[in-house]
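Below sits a lone chain in structure tokens, taken as the form predicted alone.
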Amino acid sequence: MSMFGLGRPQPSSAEKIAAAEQEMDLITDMFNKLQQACMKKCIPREYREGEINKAEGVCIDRCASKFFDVQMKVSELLQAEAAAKGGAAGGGFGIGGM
């Protein structure tokens, strides 16, 4: 029973660890998708310089910004859809909880 007597049991340590691992997997997957998409779009296959040049840096900044904007919009739409169906009281997947 919770501290306020609402009858909602607190998650065990194992459940907390599993939830944290799942969240890390989601974040890692999102990072890998971001890296692959922006690298493919902004960085040529044959490197000409040892450092990222200004144009590549600007491209990566814009790509990452757009990627996160889309992720937030998708997350908001999925949460709204779940709430409309009555299945969500909060906390969805995606980066909205970061």
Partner chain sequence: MEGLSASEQREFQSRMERKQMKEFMGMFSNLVTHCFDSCVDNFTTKSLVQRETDCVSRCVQKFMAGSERIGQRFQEQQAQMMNQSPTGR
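Positions refer to the first chain, counted from 1. In this text, rigid core is short for the largest set of C-alphas that superpose within 1.5 Å between two forms. Everything numeric here is computed off the predicted structure, so don't read it as measured data.
We do not show the form predicted together with its partner chain, though everything after this point is about it.
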{"query": "Partner proximity in the predicted bound form: residue 23 to its partner chain, non-hydrogen atom cutoff 4.5 Å", "finding": "yes"}
{"query": "Heavy atom of residue 17 within 4.5 Å of its partner chain in the predicted bound form", "finding": "yes"}
{"query": "Residue 39: touches its partner chain in the predicted bound form, heavy atom cutoff 4.5 angstroms", "finding": "yes"}
{"query": "is_contact(residue 70, its partner chain) in the predicted bound form, heavy atom dist at most 4.5 Å", "finding": "no"}
{"query": "Contacts with its partner chain in the predicted bound form, stretch 40-63 (heavy atom within 4.5 Å)", "finding": "43, 45, 47, 48, 49, 50, 51, 52, 56, 57, 58, 60, 61"}
{"query": "Core-aligned CA displacement of residue 76 at least 2 Å between this form and the one not shown", "finding": "yes"}
